[in-house]
Each structure stands twice: as C-alpha cells, then as structure tokens.
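One chain is shown next in structure tokens, namely the form predicted alone.
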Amino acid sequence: MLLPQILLSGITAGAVYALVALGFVLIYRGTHVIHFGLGEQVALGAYLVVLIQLYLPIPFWPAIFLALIAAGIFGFIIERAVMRPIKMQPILVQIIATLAVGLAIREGLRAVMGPQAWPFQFLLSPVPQSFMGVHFAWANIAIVIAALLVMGALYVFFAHMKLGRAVLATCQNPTGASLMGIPVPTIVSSIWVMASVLAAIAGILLAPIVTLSPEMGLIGIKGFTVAVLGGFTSLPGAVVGGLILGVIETAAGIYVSTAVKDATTYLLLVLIIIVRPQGLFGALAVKKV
C-alpha cells in the first residue's frame, strides 16, 4: 500500500508548493521579475495569524481573514514602495531588491518573534486515521481541499471575470493592454497583491505541519523549483509541477531516506535546467539577432 500513501502525502505537500509557484508565475508574467522574497512572505502569512491572535482577542478564522488582508496590503506596499521606483532599472537590480525584501522579512520576524518555533492551530484534527492501510489526518485532507478551492477560484477569476482577463492581457502584452485602455500599473499592483495572498494562504496551510519559524520561508526554493518545472510562464504548469515535486519528494523519503527529501528538490532543479530549461509546459523563446 505504499503507492496510495505516497500519492496522498505527495499531493498534500504538492498542493502547497503549487500555491507558492503560482505566486512566482504571476509576478514573473506581469513584471518579468523573479520575486525571491516570496518564500519569506509565506512565513509572514502564518506569523500574521499568530500576531493578530496575540494582540486582538478574536477567534482563529477571523484572524486568518485579517491576515490575508494584511498580506495583500503588504504585497501592495512592496510593489509601490520598492519595485515601482526601480522598474526602469536592469532586471538584476530588481531581483536583488526582491532578495533584500525577503531578507528584511526574515530578520524582522526573527527580531519580533524570536528564533524559536511557534505553535499553530490545525485546520482540522491532526489525529492520524487509517483507511485500507493508508494513513492520513483530516488536517492533511483539509490542506488539499483548501488548496484546490483556491486554484479553482483562480481559474474562475481568470476565465470568467473582467479583472482576471485584464491581468492575463497585461501579463501577455503590457503595451497592447495599455493601448486597449487597461490600467497596467494598477493591474501590476493587483498581481503583487494576489501573489502575496497566495503566499499567505500557503503559509497558513503549511504552518500546522511544519515548524513555524523564520526559516519556514525556505519553502520559496521549492516553489521556485515547481515554477521552473512547470515552465515559469504557465499557471497550469505550476499546479502540475507542484504535485509532481510533492510525489517525488515523498517517494524519495520513503524509498531512500528522509534526509534526502530536500536534496531531491535541488537535484530536480538542476536536472530541469540541463534537460528541459523551458519546463514541462513552456516553450523555448527564439530571439532574432
């Protein structure tokens, strides 16, 4: 019964990775910048829930709602205060700025919350269950369902809503979108807001099953790997890539050693870059000289 167990555990992790990767893809398609501080925003989203509950006497679910709003506002501030003033600078300068944002978030969390782990409430019961030899927890099932609902909402947003289509148009051709009357700067801000909210959702889903600490932001590396695997410009590729990485990691942990799970991510990243740099759903760009 190892295969069903691997699939269940892998899909649980992969669903969270996919949410992080979607944030990478959205920002890259809208700005052509890789936001290397997105992983720290994942940790920030979970910490915001803890902070809100510490200083406001409100229940867990309203705290989550407020944390998502705060995460979106934070993403808006990053775009307006950091990225927009340097948008005419070389891409390398903008990427370094995202790294600086990530480091500032991580060290800020360490200064305010300390380096120790913080407890985080489970969405549902973490008590292990068993069905036909497959072990699971209702909390893990809730993670998968919540991630799928978010992905489904994104599909509806992009396929059937005017703002969603405007975002896609801006990502595909900012100049053409501007000529069609789409307020591109506003859309770019909304892309950063959406990516930040997705990161916060991923952090809230992930925090109960990992250690909530400033180092939790290292999950950004896995989200980046998933985005590369999917093609970095493909939203469906980010979802598929997340599930693939989750299953591969879980299989490596079961068949080889739990110590090599994280190493699998880096090896897979190197392999993708060597064998298929355009990813599973991407296409090689041809430049005329």
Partner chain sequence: MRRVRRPFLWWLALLAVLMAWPLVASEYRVFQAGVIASTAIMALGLVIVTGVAGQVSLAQAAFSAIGAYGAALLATKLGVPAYFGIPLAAALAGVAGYGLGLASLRLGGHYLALVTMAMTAIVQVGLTHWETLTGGALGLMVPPLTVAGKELTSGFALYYVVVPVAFALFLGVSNLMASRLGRVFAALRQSEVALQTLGINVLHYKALAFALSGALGAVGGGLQGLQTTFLDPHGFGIIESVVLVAVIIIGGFRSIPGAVLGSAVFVLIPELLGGFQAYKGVVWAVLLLLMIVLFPGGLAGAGAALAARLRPNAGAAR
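Every value quoted in this text rests on a predicted model; they were computed, and no experiment measured them. Numbering follows the first chain given and starts at 1.
Another form, the form predicted in complex with its partner chain, is not on view; read the next lines as being about it.
In the predicted bound form, its partner chain stays beyond 4.5 Å of every heavy atom belonging to L68. Mapping the unseen interface onto this chain, I34 counts among the residues with a heavy atom inside 4.5 Å of its partner chain in the predicted bound form. Put simply, V82 is close to its partner chain in the predicted bound form: some heavy atom of it is within 4.5 Å. When contacts are judged by a 4.5 Å heavy atom cut-off, A259 counts as touching its partner chain in the predicted bound form.
Not one of F24, P62 and L168 comes within 4.5 Å of its partner chain in the predicted bound form, counting any heavy atom. The single contact residue among L148, L218, V184, L154, judged by any heavy atom lying within 4.5 Å of its partner chain in the predicted bound form, is L218. Only one of the listed residues (A177, I77, V144, L103) places a non-hydrogen atom within 4.5 angstroms of its partner chain in the predicted bound form, and that residue is L103. Stretch-level contact check against its partner chain in the predicted bound form with heavy atoms at 4.5 Å: of 192-200, 168-176, 154-162, 108-116, the positive one is 108-116. Residues in 45-65 all lack a heavy atom within 4.5 Å of its partner chain in the predicted bound form.
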